[in-house]
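A single chain, nothing else alongside it, follows as structure tokens in the form predicted alone.
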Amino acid sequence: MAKTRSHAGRSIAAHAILITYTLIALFPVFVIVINSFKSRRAIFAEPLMPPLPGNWDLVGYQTVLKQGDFFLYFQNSMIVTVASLFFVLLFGAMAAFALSEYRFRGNLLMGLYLALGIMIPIRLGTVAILEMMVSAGLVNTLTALILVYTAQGLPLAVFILSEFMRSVSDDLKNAGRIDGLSEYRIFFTLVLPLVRPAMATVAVFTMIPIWNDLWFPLILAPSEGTKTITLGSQVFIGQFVTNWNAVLAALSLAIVPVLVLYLIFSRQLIRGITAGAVK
């Protein structure tokens, strides 16, 4: 009886902590969204009040859609994010499969070398990256951003996926080899479907930093035709006057793709996290 009460108490405490953390994390999003539907005066007078008939105003969304090329910025962000995710998942899964499946000299050192990419921020190499992109003629192109974000996401992808691929049954892969499947067929048809939860986890943790990044778009692709949605939102922030209605509206619209991705991958994401916890 005492053990049951103790377990229930710990469960309640854990849920209380998680709920508190969730509320703290969602509070800024809530403030941004509700204020994007309010007039400028209402934003500063009552920032925590929901939009009501008296203060309801869509001027922020009208400004975003009329001023600035919001749809171009959105399109650029989607291209960069989707392409980067594709290459991170493809090359990360291939590297993870090689490290987990094949034993060769330097296997452990290679894994540790890739793991260093998780601990060392890529922004420390900004000057060298900029010089490289200038030499290659890739400044003010989306290709520059895709290359940087792919390099940024690969270490975490390899680290997570290699652990999951080690749990895939050797008997299954050996049976595929006996049936005459090539290593590529084994990888794409047998291994990848079994690590979908891990792929979803990597996709979510990779997409959010890419979508929200301001640093590399500002340095590598600041031209009007290559601005991402995060950088494009800065057009409404001036040195002396800031159009907060437009800024909040742009940020609210920028949240939508992240929510859609989470809804798509939420089940796989939870499975991947819980599977990693069990390990």
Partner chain sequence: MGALTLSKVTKSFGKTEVIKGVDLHVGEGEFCVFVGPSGCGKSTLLRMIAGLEDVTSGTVTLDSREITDEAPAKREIAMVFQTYALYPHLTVRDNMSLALKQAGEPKAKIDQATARAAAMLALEPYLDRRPAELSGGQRQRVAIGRAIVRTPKLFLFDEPLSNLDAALRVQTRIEIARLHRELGATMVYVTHDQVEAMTLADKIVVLRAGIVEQVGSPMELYNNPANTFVAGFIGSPQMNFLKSAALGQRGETTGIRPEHLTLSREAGTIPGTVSHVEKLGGETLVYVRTEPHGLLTVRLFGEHNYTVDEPVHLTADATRAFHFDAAGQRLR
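Residue numbers count along the first chain shown, from 1. On a predicted model such as this, the values are computed, not experimentally measured, just so you know.
Omitted from view is the form predicted in complex with its partner chain, to which the following refers.
Between the options Ile122, Leu181, Leu130, Ile208, the residue in contact with its partner chain in the predicted bound form by a heavy atom within 4.5 angstroms is Leu181.
Among heavy atoms of Gly111, none comes within 4.5 Å of its partner chain in the predicted bound form.
Contact check for Leu90: every heavy atom lies farther than 4.5 Å from its partner chain in the predicted bound form.
In the predicted bound form, its partner chain sits within 4.5 Å of a heavy atom of Thr189. Using a 4.5 Å cutoff between non-hydrogen atoms, Leu172 counts as a contact of its partner chain in the predicted bound form. In short, of 145-153, 113-121, 70-78, 181-189 it is 181-189 that has heavy atoms within 4.5 Å of its partner chain in the predicted bound form.
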